[in-house]
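Have a look below at one chain only, the form predicted alone, in C-alpha cells format.
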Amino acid sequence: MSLGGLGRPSLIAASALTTAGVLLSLWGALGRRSGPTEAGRRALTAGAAFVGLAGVALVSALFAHDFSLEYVTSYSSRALARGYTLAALWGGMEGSLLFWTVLLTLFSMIALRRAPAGDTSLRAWTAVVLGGIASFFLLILLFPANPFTTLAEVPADGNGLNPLLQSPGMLIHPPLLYTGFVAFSIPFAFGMAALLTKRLDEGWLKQTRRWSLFAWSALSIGIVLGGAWAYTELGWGGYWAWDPVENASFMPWLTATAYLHSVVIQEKRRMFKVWNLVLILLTYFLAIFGTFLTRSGILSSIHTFTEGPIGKWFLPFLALMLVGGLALIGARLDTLKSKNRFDSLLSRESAFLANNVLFLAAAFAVLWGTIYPIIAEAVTGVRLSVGPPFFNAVFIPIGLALIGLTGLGPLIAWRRMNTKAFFRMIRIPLVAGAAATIAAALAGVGSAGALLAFALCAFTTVAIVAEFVRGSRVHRRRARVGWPSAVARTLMRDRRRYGGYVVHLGVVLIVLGFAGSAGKVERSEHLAQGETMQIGRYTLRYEEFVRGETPEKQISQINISAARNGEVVETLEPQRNLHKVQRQFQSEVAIATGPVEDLYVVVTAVDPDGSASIHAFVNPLTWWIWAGAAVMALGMSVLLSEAGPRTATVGAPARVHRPLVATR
C-alpha cells in the first residue's frame, strides 16, 4: 500500500510549522525571551516530523510502484532491484531535494536540542537561521520541485533508474555527500548566530566541533566513494575527471578542510576569528552552490539532473547568504580582532596561515575553472570548456605544497622556533624524501611531478610516524609496555591530536596513489575469440563469450585470461549489457587490483559474431587511493569518538583547548 497521498499535505504542514518556528524564534531572539524561543524550537521539531513523514511517503510510493506519481514513474520500475528502488529516492532532482530537507530538519532538531540553554539569544538566532534555510527548501519542494506531482494517466510500468546509477556505490555515495553538505549548516548557523549576538569567543566553535568533523568526514568519504564509482562503472580507467559536478563537491571540501585547521589557531592562540567565520560561510555557500549547479541545467555533466526551473530560485538565496554573511562579518570586525599576533615566520601559526591561503587558492582555482564556461557563454554566446589540463596545471603545485605543509606542521613549534632546532627536526624526513626520490627514479618513474610527490609523501609519512614514536616512548617509559600497547595508548589518550595524524597519513597514501597515475598505460583492440593483445607486462587472450539474462538486463560477458611471462595470473569477466527498460547499453568493468598496479579491462562493443572491442589499462598504485581512504576513515572514527561538550557556556572567558585536528 502506497502512502504517497500523504506526501504533499505533510510538506504543507511542515512549511507552516517551520515558518511559525522561525517567527517565534525571531521573537525570542529580539526580546531575549526563553518562552518564544522554546516554542519556536518545538515548532521546528514538529516541522521536522512532517518532513520525515513526507520522506516516508515517497519511499513507500517507490516500493509500492505507485506510478500515479510522476517521480515514481520517472525513476523506478517493477524490474528494478529493491536496493536501487531505495536509491531512486535521490536518483532524481525532486527526491534528492526531499532527502536533503529530511536531513536538514533532522540535524537542526538535534543541534537545537543540544544547544546551550544558558544563552537564549544565541539559541534563538541559530533556530532562525536553520529554520530559514529549511523554509527555503520546503518552498522549493512545494512549488518548482514537487516530488508528489500526479499523472493524469497512470502507466503500467516506470522508466527505471539510469543504469549508471545501478551500482552499490550509489547506495552510499550520494547520501554521504548530502550528509556532509547538510551537516555544515549547523556550524554555519551557529557562526551567523554568534555574529548576530556578538558572542564571538570560542563558545560557538566548541558547540559545533563535532558537527564540523562529522560533516567533513561524511563529505570526504562520499567524495572518495564517488571516485570509486567512476572507476568501476564509467569504464574510462580513471577516478577523477574534474567534471563540474565533481568540482562542486570538492570546493566545499577544500574550504572545510581549511576551516578545520584554522579553528586550531583560535582555540590555541585566540587568532583567526575572521578567517574562521569567512571559511564556514564559504563552505556552506559552496555546498548550496553545488546544489544549484547540479539542478539548474546550466552545466553539462553525467551527474547533473535535467534542466529545471529551480535555478532562478537558488540564485537569490545564494546572494542573500553570501552578501548577508559578509556584511555581518564586516559589521563585527572590531569585535573580531585577534588577541595575539605572530611572533615569528618560523612558527606553527605561520604554517596554519599558509595552509589557509593555499586551500583558499585551490578552492578559487577550481571555482573559476568550473564557472568560466558559463561566464564565457553569457558574454560571447560560445560554450567553452575547461578540462583537466587547466585544473592539473593549477591544482597539482598547490596540492604538493599542502602535502609538504602536512609534514612540516607537526615539526614546527608554536609562537617561535629556533632555526637550528627546525633543521634538526626535519633532517630525518628530508633523508627519507631523498631516498624515495632515488628509489622511484631507479624504478623508472620519469615524471618530475610524480618524483616530487613521492618525495613529499615519504617526508610527511616519516614526520607523522616520528610524532607517534615520540608520544609512545613516554607511555613505554611510564607504563613499561610494548610498542603496540604504547601506540594504542598514545592514540586513545589524545584522540584529537593523533586521530588527526592518522587522517593526514591517509591523505598521504591517497596522494601516493594519485602520483602513480603518471605511469598509466592504455590500449584498445578489436578481438575475435582466441585472439590476444599486449598491454604493459600482460598478454590478454579472449577465451570465451557468454550470454545471460536477468529480468532487468541482457548480459554479454567476455572471459579474458591475463598472462604475465607466459603464466596466467588473472581471469577477467567484463560485460556489455543491454538494460531492457531504458534500451541502453552499459559496460561492467573487470579489475584485477593490487598494491603495485591494477589491470583494468572494459568491453566497449560486441558484434553479432561475438568479436569485441576491448579497452585495457594498467593503472599503477591506484590501490593505495582506496587504502588511504580506509586509513582516513579510521582517523575520523578516532576523532569522532572523543566525547564532545553537550553544552557550552557561551560568553564566558575563553580557555585554551586542545585543537580540532592534529597539533603538537
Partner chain sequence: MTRLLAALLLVGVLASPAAAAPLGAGPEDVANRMSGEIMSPFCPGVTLHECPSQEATDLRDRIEGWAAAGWSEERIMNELVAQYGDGIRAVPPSDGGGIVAWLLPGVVAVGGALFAGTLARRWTRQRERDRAGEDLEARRSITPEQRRRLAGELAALEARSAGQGRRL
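Residue numbers count along the first chain shown, from 1. For clarity, every value in this text was computed on a predicted model and none was experimentally measured.
Form predicted together with its partner chain: not shown, discussed below.
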query: Stretch in contact in the predicted bound form with its partner chain, which is absent here, among 609 to 617, 52 to 60, 26 to 34, 629 to 637 (heavy atoms within 4.5 Å); finding: 609 to 617
query: The unique member of A443, A421, A592, A361 whose heavy atoms fall within 4.5 Å of its partner chain in the predicted bound form; finding: A361
query: Among the candidates L491, I221, L200, V394, the residue which, in the predicted bound form, approaches its partner chain to within 4.5 Å (heavy atoms); finding: V394
query: F285, heavy atom within 4.5 angstroms of its partner chain in the predicted bound form; finding: no
query: 4.5 angstroms heavy atom contact with its partner chain in the predicted bound form for A152; finding: no
query: Contact label in the predicted bound form: M271 to its partner chain, heavy atom within 4.5 Å; finding: yes
query: L315, heavy atom within 4.5 angstroms of its partner chain in the predicted bound form; finding: no
query: Within 4.5 Å of its partner chain in the predicted bound form: residues from 462 to 489 (heavy atom criterion); finding: V474, R477, R478
